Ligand code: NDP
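In the block that follows, a single chain appears as structure tokens, in the form predicted alone.
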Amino acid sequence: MKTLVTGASGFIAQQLILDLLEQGHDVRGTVRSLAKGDTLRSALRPHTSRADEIELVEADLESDAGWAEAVAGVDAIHHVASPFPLAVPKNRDDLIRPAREGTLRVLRAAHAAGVQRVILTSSCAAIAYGWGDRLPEVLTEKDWSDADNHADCPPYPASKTLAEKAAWDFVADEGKGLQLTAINPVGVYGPVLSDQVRASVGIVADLLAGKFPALPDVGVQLVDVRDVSAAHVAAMNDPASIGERYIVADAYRSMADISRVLREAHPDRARKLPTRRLPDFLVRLLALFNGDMKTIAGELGRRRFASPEKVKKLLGRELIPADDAVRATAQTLIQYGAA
């Protein structure tokens, strides 16, 4: 198949491109600047003999330019690109608008070009937030985050929620004929393919670098990027996945759990890896002055857990264990000199 992967230089997208190439598909990718093309191909060359076959088109989620060329002649689109904040934005709309409008821009271009199959990288953030005290013990694909509950739905989860809802609404109204599937991963870890990747693996790099003197009592479900990519490919190949959402998630791990796994895997870094807990009252105090700490403070005492049973049926296997994903993250970050 001729496939398009948006946001081709990103963490998930690089793994997906690699898997698509290795399974015999042709790949076109979008990048915000063609200058990133050489970096992307260099990252993939050690892993596939087809790295130089990747076709790249310059396109940005905030502009119509390039999208008609990007979608022309493709059989399936993997829409992976989405803003990922390195810090909490002052204005929620600065994150929500490009995520929602960018998704609609890709879908409109696909519909206009007659491309039917679209697999969207959404997030479990579109499922697990905004519940407040009503948070279910186990979340499923039937659940949705409440983006209007700002106290329990920060800007990033709100952006993923509203972008995915906009996609489903478009397919139901203007985009009839589009065959949409949503992939909803939790915190994505696993092997990086170059030193250019940050995204969710940045926390492992920061831990290894000794940037955390103590750990807040928070955590997240983890999943390996290879399983996220596998879910994309499996959905593309399985017509039964059309119209479905798939949570991609393995075990829940606290910050202390992640630090412990890293200490065991890299004893030479143990002195930099924290063991002390940051008291809750101090987290809440720091949250008064720091937006990132405010987000962390909102997670104190919460355990958001989503069921992976549906995606395991799609893949026909168990998922890569969360601790293995953490170890692979650290190993490759060190390998590429990024930690």
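We number the residues from 1 along the sequence you see. Please read all numbers here as calculations on a predicted model, not as lab measurements.
Omitted from view is the form predicted together with the named molecule, to which the following refers.
Visitor: Taking the named molecule in the model of the complex as the reference, which of 118, 247, 204, 80 has a non-hydrogen atom within 4.5 Å?
Guide: Contact check passes for 80.
Visitor: If you check 26, 299, 69, 60 against the named molecule in the model of the complex, which one has a heavy atom within 4.5 Å?
Guide: It is 60 that has a heavy atom within 4.5 Å of the partner.
Visitor: Looking at the partner-bound form in the model of the complex, is residue 36 within 4.5 Å of the named molecule by any heavy atom?
Guide: Yes, residue 36 lies within 4.5 Å of the named molecule in the model of the complex.
Visitor: Using a 4.5 Å heavy atom cut-off, state whether residue 190 contacts the named molecule in the model of the complex.
Guide: Residue-level check for residue 190: no, no contact with the named molecule.
Visitor: With the partner left out of view, is residue 259 within 4.5 angstroms of the named molecule in the model of the complex by any non-hydrogen atom?
Guide: Looking in the model of the complex, residue contacts with the named molecule do not include residue 259, since no heavy atom lies within 4.5 Å.
Visitor: Looking in the model of the complex, any heavy atom of residue 186 within 4.5 Å of the named molecule?
Guide: Flag for residue 186 set to yes.
Visitor: Among the candidate stretches 119 to 127, 264 to 272, 137 to 145, 206 to 214, which one is within 4.5 Å of the named molecule in the model of the complex when only heavy atoms are counted?
Guide: Only one stretch passes the 4.5 Å heavy-atom test: 119 to 127.
Visitor: Taking the named molecule as it sits in the model of the complex, which residues of 153 to 185 have a non-hydrogen atom within 4.5 Å of it? Please list them.
Guide: Residues within 4.5 Å: 156, 160, 185.
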